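In the form predicted on its own, a lone chain appears below as structure tokens.
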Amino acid sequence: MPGDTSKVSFDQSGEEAVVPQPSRRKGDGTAPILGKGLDVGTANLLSGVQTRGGNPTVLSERNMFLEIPSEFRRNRQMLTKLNVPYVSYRDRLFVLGDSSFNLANMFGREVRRPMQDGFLSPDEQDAIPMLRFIVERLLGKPACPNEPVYFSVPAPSIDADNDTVYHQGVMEGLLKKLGYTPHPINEGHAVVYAELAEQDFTGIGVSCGGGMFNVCVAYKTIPAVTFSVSRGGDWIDQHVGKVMGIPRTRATDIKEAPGVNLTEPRNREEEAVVLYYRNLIEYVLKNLAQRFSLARDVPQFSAPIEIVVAGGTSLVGGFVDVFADELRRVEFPLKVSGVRRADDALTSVVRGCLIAAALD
């Protein structure tokens, strides 16, 4: 399909719970290898375990929840009958993950989010317990006492004042309580591990998430520069919902609908999606170029390097085309051989976490 390429090349100049298991994305059913991965994203949470057959088994769930009235017993009975994951917490009833998004979209309501802009939400009082419920559901019990789990953490933003210490510390404490030994890894660095093996783990990995874009410039596995930009897919949803006069969950549904392509919008709603996508990519690249041009820690590569993008926000059709087009418009200080999207962009970070665990 025109405008739907996944790679663009340049020349050298350019507490009580009923929680059914989430659906499996990959796996071969063979015995797992010790150690797990966890992608802690604003919009999605993914867990992974490597199997001896070579293919990781990945579970995914939206990082959100919805509170529903608990006065009537029939609510619980209905949720149980429909196999909808829920928890009863402090005499309140919460639907978790994908099911909360579907219910909210169906009834025109907004979901609640444990994380905001890549970090734990300071305005959400139930953030930590709800996050714990979803993470516990994804990871399951440790295969042995203190099983290692490598989890993704964001980099400090170059355009916002945020603190990674609290977020990382809370996640480490949560995983320890579940019986794991936590190991943090930068989100962009995880993309490098997952996608740049053939390039000797040298290049730029960009994780395009719901809350932010995380970037890692690496040389032979070593992260030379890591940082983030505090805009992502949620920023698009927020603005599309505002200009269209619709709930943000509905804007998310429009953005993620099959056939949406940034180079070929089909209606007014998709035109709004395209406008904010292009504005977001332009904003990200200008900030990246400025960060690189001012930094003294960027390595001097002897040959052009590749940029690989991953994450849920990169899944829309035409994303790589628009990214490459906007890259040509900025004065980028590094020589780039091309831009491509990861083959399985949604699982890239969690697969990188598993590779880091294996290398360690």
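Just so it is clear, the model here is predicted, and its values are computed rather than measured. Sequential numbering from 1, following the sequence displayed.
Keep in mind the form predicted together with a small molecule is missing from the figure; the text below concerns it.
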query: Residue among 261, 287, 252, 230 with a heavy atom within 4.5 Å of the small molecule in the model of the complex; finding: 252
query: Residue among 66, 324, 43, 38 with a heavy atom within 4.5 Å of the small molecule in the model of the complex; finding: 43
query: Interface stretch in the model of the complex with the small molecule - options 202-210, 128-136, 78-86, 170-178, non-hydrogen atom within 4.5 Å; finding: 202-210
query: Touches the small molecule in the model of the complex: residue 56 (any heavy atom, 4.5 Å); finding: no
query: The small molecule contact at residue 48 in the model of the complex, heavy atom, 4.5 Å; finding: no
query: Proximity of residue 318 to the small molecule in the model of the complex, heavy atoms at 4.5 Å; finding: no
query: is_contact(residue 94, the small molecule) in the model of the complex, heavy atom dist at most 4.5 Å; finding: no
